[in-house]
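Before any questions on binding or motion, here is one chain by itself as structure tokens, the form predicted on its own.
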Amino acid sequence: MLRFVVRRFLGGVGVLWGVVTLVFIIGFVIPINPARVIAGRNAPLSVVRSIYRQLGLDRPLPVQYGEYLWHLVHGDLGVSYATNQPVSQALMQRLPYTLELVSLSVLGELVIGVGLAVIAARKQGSLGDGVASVVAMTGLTVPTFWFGLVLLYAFAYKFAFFPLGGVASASWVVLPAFSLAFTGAGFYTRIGRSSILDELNEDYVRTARAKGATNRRVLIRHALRNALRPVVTMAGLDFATLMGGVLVTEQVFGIPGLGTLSWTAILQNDLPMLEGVVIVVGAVIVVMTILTDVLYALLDPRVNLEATG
């Protein structure tokens, strides 16, 4: 297991290095002059050139790349063009909100999706199966931002159970996390139901039943664990998708997370801030991918840890 984790870690470092390199190249080729952004539109050309030299942009590209990596290794992501705030400081202020929202959303998707999948698979063709399928399809077809607005109107404006927006209250995460969880749980329901039904037709399930195990015990203790393997893989991918895609939800609910920060950086041509968001999100995704691989291996003893690259 240790060798497996080390290999996955080294592979993740390689992926993150690729992301950093790509971010540096994109930042170099896009038509934005950082010196002009800092100096302002009406600044004299002499001032722009002075700032250009101070930023080291007149040096050879390999030298800039080396210094860029050196600063990153030491936790220095640069300084915001718009606010003159260290990028790492701004990211550490915003990252917890996005991590909390995404983590609870994925957890909610698992609880709702797997719960509906168990109900649907336990009594295939029954009323419960039909209701679970309808709920899953409803979640798949409803836009997340629209569902979020409905939740805000019903439970924040009409009845005031939750705040209308912002993060001042401890319950700020309930409505946005539920809006993401409900609209994403349908995938888990459909995949989980199919996977559970496949497992219930396996020989080991028939053997367990022949030994007198009840249907509930067979489902929970035997079939469900094996059926969760594709769900775990999907949850890891879903976490990665949400980390880079909660912008609209954060805007709807007024959450000062990484999505809102990246959108502001785009509007202000704040390249260091935008690059910092991409790198931090990439690092979180790499870590979650490694954890997903390890959890998958623990769930499935048939995975050959030594042979897996």
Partner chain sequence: MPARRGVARARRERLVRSSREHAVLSRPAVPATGLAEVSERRSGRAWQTWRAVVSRPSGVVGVVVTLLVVVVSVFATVLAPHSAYYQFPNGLASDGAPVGPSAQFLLGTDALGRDLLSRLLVGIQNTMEVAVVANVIAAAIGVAVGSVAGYAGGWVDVVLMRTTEVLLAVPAILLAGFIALVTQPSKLSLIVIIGAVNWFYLARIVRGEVLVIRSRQFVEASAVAGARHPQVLVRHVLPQVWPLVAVYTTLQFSTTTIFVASLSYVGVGIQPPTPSLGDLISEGSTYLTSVPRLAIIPGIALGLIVLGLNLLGDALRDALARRD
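Numbering follows the first chain given and starts at 1. Predicted model only: the values in this text are computed from it and were never measured.
The protein also exists as the form predicted in complex with the partner chain; that form is not presented, and the subsequent description refers to it.
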Stretch from 122-130, 192-200, 169-177, 135-143 whose residues place a heavy atom within 4.5 Å of the partner chain in the predicted bound form: 135-143
Given that the partner chain is left out here, which of L237, L107, I220, M92 has a heavy atom within 4.5 Å of it in the predicted bound form? L237
Considering L69, L57, A43, I26, which brings a non-hydrogen atom within 4.5 Å of the partner chain in the predicted bound form? I26
Non-hydrogen atom contact V231 with the partner chain in the predicted bound form at 4.5 angstroms: no
Quick check on S50: any heavy atom within 4.5 Å of the partner chain in the predicted bound form? no
V15 near the partner chain in the predicted bound form, any heavy atom under 4.5 Å? yes
Exercise: L298 in contact with the partner chain in the predicted bound form, heavy atom 4.5 Å: no
Can you work out whether the partner chain is within 4.5 angstroms of a heavy atom in all three of Y153, L247 and A265 in the predicted bound form? yes
Do any residues of 7-43 have a non-hydrogen atom within 4.5 angstroms of the partner chain in the predicted bound form? If so, which ones, in sequence order? V15, G18, V19, L22, I26, I30, P31, I32
